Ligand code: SAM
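Take a look at this single chain in structure tokens; it is the form predicted alone.
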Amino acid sequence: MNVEQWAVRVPKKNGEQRRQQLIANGLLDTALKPFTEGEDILFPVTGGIDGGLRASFEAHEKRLATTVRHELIGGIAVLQERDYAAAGSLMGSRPGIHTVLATTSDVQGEYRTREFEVLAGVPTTRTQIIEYGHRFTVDLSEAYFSPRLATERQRVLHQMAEGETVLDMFAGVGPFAITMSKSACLVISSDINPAAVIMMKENCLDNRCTNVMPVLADSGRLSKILPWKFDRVVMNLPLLAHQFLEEAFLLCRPGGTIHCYALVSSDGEYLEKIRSFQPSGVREHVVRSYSPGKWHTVYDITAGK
């Protein structure tokens, strides 16, 4: 049986290293068999990621049940519908899964949370994610977390210079902030959700980050609270970040970088709005496919003088 799934193409010489990274980040779809194509290996992954493509994979016979569409977040598998049979199969096929949930609502409210029903396993919505050597604890019913942005967080980190001051405007439990702390001298990590900020503080302690300052605040008022201009501003709130661009430009130093994330239906959807703030440069980059006809995009903006 063949199954169409998202894939990443990797040169054979880097195959094992990339496979281990995908496993560590909970992205490798172990229900499907990787295959070689020329000098490359195609690995099946559980969702669209940066540089991904669609490919047809052969399913492991003993794991056919796990081809059901799901999102793996740490030790929790999240289904989009109540499917108790699939939940039981997932629990039996992957020893790392401790809970299977079904979403019973969309991401909603100013805290960006979803509601869930436990289908199998431990009755909890709390889990740990290992990502590029960092450990993040999240309660999915209290804060939003996307493991599919692991590669994007690394992309931003690799753009940084040593000693930058950074503002994470919609930090959640802190995955961007803690990742960027490796190169930054100071990261202000803000969120309006009290539960997220509490978990962010736990994650900073677990990862021994002494240069991340968690802040409970409305990001629309940060320019009135914070006395600094930042070298880099991250705006990871895809549905609403564009509404906070004025605040981001107020907080970014001339020549600094703003990463504004958005869900778009066409190329350049928010370019006109961004250019109204007279940046000295802007580049649009597709992070991943989000749904049919929509893409998760980031605008890398250089603030003007």
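This structure is a prediction, so every number in the text was calculated from the model and none was measured. Numbering starts at 1 and follows the sequence shown.
Missing here is the form predicted together with ligand SAM; even so, the following discussion is about that form.
Student: With the partner left out of view, is Ile198 within 4.5 angstroms of ligand SAM in the predicted bound form by any non-hydrogen atom?
Tutor: Residue-level check for Ile198: no, no contact with ligand SAM.
Student: Is Arg126 part of the interface with ligand SAM in the predicted bound form - any heavy atom within 4.5 Å?
Tutor: Although ligand SAM is absent here, Arg126 would stay clear of it in the predicted bound form, with no heavy atoms inside 4.5 Å.
Student: Can you tell me if Phe244 lies within 4.5 angstroms of ligand SAM in the predicted bound form, counting non-hydrogen atoms only?
Tutor: Within the cut-off, so yes.
Student: Would Asp206 show up as a contact with ligand SAM in the predicted bound form if we use heavy atoms at 4.5 Å?
Tutor: No.
Student: Quick one: of Leu226, Leu157, Ile192, Val78, which gets a non-hydrogen atom within 4.5 angstroms of ligand SAM in the predicted bound form?
Tutor: Result of the distance check: Ile192.
Student: Report the residue, out of Leu42, Leu237, Val264, Val45, that has at least one non-hydrogen atom within 4.5 angstroms of ligand SAM in the predicted bound form.
Tutor: Contact residue from the list: Leu237.
Student: Can you work out whether ligand SAM is within 4.5 angstroms of a heavy atom in all three of Leu250, Arg275 and Ile301 in the predicted bound form?
Tutor: Not one of the three qualifies.
Student: Please pick out the stretch from 94 to 102, 116 to 124, 173 to 181, 70 to 78 that is in contact with ligand SAM in the predicted bound form, where contact means heavy atoms within 4.5 Å.
Tutor: Looking at the other structure, the answer is 173 to 181.
Student: Along 105 to 119, which positions have a non-hydrogen atom within 4.5 Å of ligand SAM in the predicted bound form?
Tutor: Those in contact are Glu110, Tyr111, Arg112.
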